[in-house]
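What follows is one chain in structure tokens, specifically the form predicted alone.
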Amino acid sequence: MPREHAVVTGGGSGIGLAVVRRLINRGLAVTILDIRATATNVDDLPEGTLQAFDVDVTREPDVRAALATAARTAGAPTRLVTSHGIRGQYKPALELDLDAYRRVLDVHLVGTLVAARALVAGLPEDGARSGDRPERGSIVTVSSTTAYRGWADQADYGAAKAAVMQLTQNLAIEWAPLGIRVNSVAPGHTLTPMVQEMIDQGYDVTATQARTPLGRLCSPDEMAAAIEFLLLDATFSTGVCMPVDGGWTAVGK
């Protein structure tokens, strides 16, 4: 029986790469889409990764072409994790460069929609059965705890991630009759290469750790475990945005 095929955007590093490892360990074939996929050291990619494509997820023709190529090797993909992303400007709203602002929205929001539409457009008609409705596929998007509250200097990244959360709910409602579940995770501070770069540039995480009930940052593999659950195991969950933040959003002050 052919292995099920998953696509992970932003799968070349951080949370995305941790997801790739977990899905391969679950027996799935995995395709990586990343703007720097081929620059990733092959030794760093887990055994069983089928293909890695250099793709800008905001370019729909390129995303669809990559998925079509991957499908010829492993069959049409039925699972998608959208873990791509870029940093915001971390500036007051009055100082934001609008071209950079549009790029943050484009990558996070438009890129998520582009990848999700590409997956759904290529789904086979048959699928695994879950209860009384056939499950043809599932998608997990990546939002952020910044989507839940107003944050200073987050009028780009926070707004984009809030939009991803709303998009997830919209797609969950629209695509449930098609047998497609769509859920999201909202990561708290996770020690990805992007966060490590911020720390190296002087970002102090001690206040974040002190405010977080579990008292530490999340590891990429811990975040990937939550994504794996929603993608593969939570068969009666759709439209959910699950904070994975060590209790950050539960703190009332």
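All figures in this text were calculated on a predicted structure; none of them were measured in a lab. Quick note: we count residues from 1 along the sequence shown, nothing fancier.
If you look for the form predicted in complex with a small molecule, you will not find it shown, but the lines that follow are about it.
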Q. Quick one: in the predicted complex, does every one of 28, 77 and 137 get a heavy atom within 4.5 Å of the small molecule?
A. no
Q. Hey, of 67-75, 173-181, 101-109, 116-124, which bit sits against the small molecule in the predicted complex at 4.5 Å between non-hydrogen atoms?
A. 101-109
Q. Would residue 50 sit within 4.5 Å of the small molecule in the predicted complex, counting heavy atoms only?
A. no
Q. How about residue 228: is it within 4.5 Å of the small molecule in the predicted complex, going by heavy atoms?
A. no
**Q.** is_contact(residue 160, the small molecule) in the predicted complex, heavy atom dist at most 4.5 Å
**A.** no
Q | Proximity of residue 212 to the small molecule in the predicted complex, heavy atoms at 4.5 Å | A | no
